[in-house]
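As a starting point, one isolated chain is supplied in structure tokens, in the form predicted alone.
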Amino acid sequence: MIPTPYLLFLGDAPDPLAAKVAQGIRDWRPENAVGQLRMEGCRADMRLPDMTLAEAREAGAKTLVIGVANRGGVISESWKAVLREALAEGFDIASGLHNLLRDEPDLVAAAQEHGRTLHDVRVPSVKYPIASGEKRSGKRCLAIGTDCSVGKMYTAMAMDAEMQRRGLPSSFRATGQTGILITGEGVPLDAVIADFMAGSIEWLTPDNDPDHWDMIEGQGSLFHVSYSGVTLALIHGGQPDALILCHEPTRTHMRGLPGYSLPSLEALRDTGLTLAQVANAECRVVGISVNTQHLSEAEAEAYLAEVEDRMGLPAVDPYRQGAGRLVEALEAL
């Protein structure tokens, strides 16, 4: 278990989306977020108190969480002095990056010297099976997106929270570093060997009661050439009964790929459903989740109304408006 509460380290994040790990913790586990630590040039702000390491320790923080999810998941050399100082100040360090803390000799030495622990979240801890494709009892919902970082995790968490509020059986199934840091368990899917990726999602979403829903955290995008493989593993391993389409309407290109434009929601619907029905012929697209954080209230309402009319599906921003209509779409299946 990673000791809480946390000091969220934003490093030199170039934009708010680069600090999505910190943002997820702030939004879904605010009781664990004591403050933030930013380096010079950081362009992310979680609207938490800016703290020094000493101030955060005084406030009760026990673990410095690397809240940055940069391209390739690497520990920047520019962060190292802060991380070593944190260990000397009595913090554990937690990271979900591909570049593991335990593979950094200077951090390992500092942790040993000061009696602290390095927590690498993105390390598979289970011997996952190869996917069998066998049908499992229970129900499953998966969020898929037109791009990376458009709100797939927020959608699944908002729907699970609404299910819990209504007294309906539901579990959020984390598949990435942020979800695992929020809930304390899950599968770090993009660190699983490719042959076992779909099998790990079968393992994560086992047989369950007939009316129980697993809300599976989505990853990547079928249309993102860097990360499409992880999305397909979720679709086939999860065998979803329901798909939620996720979109952020102000993007001008795929994140990290300026030469690629985003697909239409219609293309996402048709491609995602075709692939999902390979593993579950009864799968249906039931709703649309739109990340409207960069739109005004009036702009958001107008955009959602247009999408809903065009697609014939409930279209909401579950973080801004609640996930009630998406949950009702599941209940109507």
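Each residue number is its position in the shown sequence, starting from 1. All values derive from a computational prediction rather than experimental measurement.
There is another form of the same protein, the form predicted in complex with another copy of the chain; it is not shown, and what comes next is about it.
Peer 1: Tell me whether 133, 223 and 232, taken together, all sit within 4.5 Å of another copy of the chain in the model of the complex, counting heavy atoms only.
Peer 2: Heavy-atom distance to another copy of the chain in the model of the complex: all three under 4.5 Å.
Peer 1: Would you kindly say which of 192, 118, 180, 163 lies with a heavy atom within 4.5 Å of another copy of the chain in the model of the complex?
Peer 2: The residue in contact is 192.
Peer 1: Looking at 69, 34, 279, 44, which has any heavy atom no more than 4.5 Å from another copy of the chain in the model of the complex?
Peer 2: So the residue touching another copy of the chain in the model of the complex, by this definition, is 279.
Peer 1: Pick from 241-249, 182-190, 167-175, 143-151: which stretch has non-hydrogen atoms within 4.5 Å of another copy of the chain in the model of the complex?
Peer 2: In the other structure, the partner sits against 182-190.
Peer 1: Whether residue 274 contacts another copy of the chain in the model of the complex should be assessed with a 4.5 Å heavy atom distance threshold; does it?
Peer 2: Taking the distances in the model of the complex, the answer for residue 274 is yes, it comes within 4.5 Å of another copy of the chain.
Peer 1: Look up in the model of the complex whether residue 88 has a non-hydrogen atom within 4.5 angstroms of another copy of the chain, and give yes or no.
Peer 2: Outside the cut-off, so no.
Peer 1: Is residue 156 close enough to another copy of the chain in the model of the complex to count, meaning some heavy atom within 4.5 Å?
Peer 2: Flag for residue 156 set to no.
Peer 1: In the model of the complex, is there a heavy atom of another copy of the chain that lies within 4.5 Å of any heavy atom of residue 257, even though the partner is absent here?
Peer 2: Contact check for residue 257: yes, within 4.5 Å of another copy of the chain in the model of the complex.
Peer 1: Mind listing which residues of 16-48 have a heavy atom within 4.5 Å of another copy of the chain in the model of the complex?
Peer 2: If the 4.5 Å heavy-atom criterion is applied to another copy of the chain in the model of the complex, 16-48 yields nothing.
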